[in-house]
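Before any questions on how it binds or moves, here is one chain, the form predicted alone, in structure tokens.
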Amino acid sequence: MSVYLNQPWEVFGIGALWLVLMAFFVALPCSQLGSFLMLRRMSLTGDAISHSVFPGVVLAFLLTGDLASPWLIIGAGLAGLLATVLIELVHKWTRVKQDAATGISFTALFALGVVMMETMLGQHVDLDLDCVLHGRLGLLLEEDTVTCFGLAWPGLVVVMAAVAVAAQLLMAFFFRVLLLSSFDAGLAASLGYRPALVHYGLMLTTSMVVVAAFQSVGAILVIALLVLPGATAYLCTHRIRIMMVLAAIHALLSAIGGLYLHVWLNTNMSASVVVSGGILLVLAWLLGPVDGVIWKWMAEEPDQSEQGLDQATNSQPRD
């Protein structure tokens, strides 16, 4: 057993720590933002943003010519904001429902990004479509390193750590208004807050986190990191603060489990992290103390027995 547990560390050495940290720093802000998206019944909007930021990335790369430029994150954030505005416009000014408006917006913007990449950037650029779609978390150890606290950290880990910390600080600072506007936008407005501004701020932050995660998990797998932690935590508790903590724990366990699956099965690291998160969701669905199937069954079983006993007693002939 210990052979299997030690295998990732024997294969990668200190690199195993960098892989876990990178996966965690990607999953952590996604888990917190995704929890609020789920509470707002907007999980599909996260899906839309993850695809629709593509034109912004391409346009920023066209202007800067540097995949590490912070302008890529800014361009993606603006593209994600544009997608959110388009969804609202299509939904409010036409007879199209919101789910259809979401589908229209993100597919149109994603297709626009693909066309822009092939026509404006040409074939002589290092913007790999497979990387954008599926990520390359497993190739992290081949990236340049940055010396920090006496250790040579992979540059991408440092960048993603900064993004994760910034997202956490923003959410901590605006937690009260985010919570209030998620459950009752009218009450939030009556107290002087601006729910629409909060909504677009949440979408902008989500867009920036999504594009920061591009090189690691890609535009498709990041959707799972936005949805799985919040959904898993929601099956275990209905208290929002505990839910946020459980979502963060889900992010950490997914990162660790993903590393082991990556080594044991010799498969894609990004997909392994998502599969690990999916396994945790199934466990919460079965064993979750609030909505777990087994706990519900165990709670209902005595009641049914008592009900059956009562019915049997009532059916006895009376003297």
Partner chain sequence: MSLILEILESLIPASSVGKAWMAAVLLGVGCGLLGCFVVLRREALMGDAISHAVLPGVVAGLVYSPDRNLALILACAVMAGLCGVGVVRVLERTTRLKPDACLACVLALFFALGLVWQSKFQSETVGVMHFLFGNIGSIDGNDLKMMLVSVVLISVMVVTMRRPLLVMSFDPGFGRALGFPTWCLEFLFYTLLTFAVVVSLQAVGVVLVSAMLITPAASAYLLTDRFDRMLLLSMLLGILSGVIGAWMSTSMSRMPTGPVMTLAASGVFVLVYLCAPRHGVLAKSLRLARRRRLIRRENTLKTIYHILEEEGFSHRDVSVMMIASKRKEAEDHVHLTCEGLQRQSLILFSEDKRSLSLTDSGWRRAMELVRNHRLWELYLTREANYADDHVHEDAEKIEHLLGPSMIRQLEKDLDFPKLDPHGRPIPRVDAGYPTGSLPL
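Note that this is a predicted model, so its numbers are computed, not measured. Residue numbers count along the first chain shown, from 1.
Omitted from view is the form predicted together with its partner chain, to which the following refers.
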Candidate from 244, 167, 198, 224 lying within 4.5 Å of its partner chain in the model of the complex - any heavy atom:
224
The listed residue (112, 74, 185, 161) that reaches within 4.5 Å of its partner chain in the model of the complex by any heavy atom is 112
Might residue 248 be said to contact its partner chain in the model of the complex, defining contact as any heavy atom within 4.5 Å?
no
With the cut-off set at 4.5 Å between non-hydrogen atoms, does residue 190 touch its partner chain in the model of the complex?
no
Quick one: is residue 173 in contact with its partner chain in the model of the complex, heavy atoms, 4.5 Å cut-off?
no
Heavy atom to heavy atom, is residue 235 within 4.5 Å of its partner chain in the model of the complex?
yes
Any residue of 31-54 with a heavy atom within 4.5 Å of its partner chain in the model of the complex counts; write them all down in order.
38, 41, 42, 43, 44, 47, 51
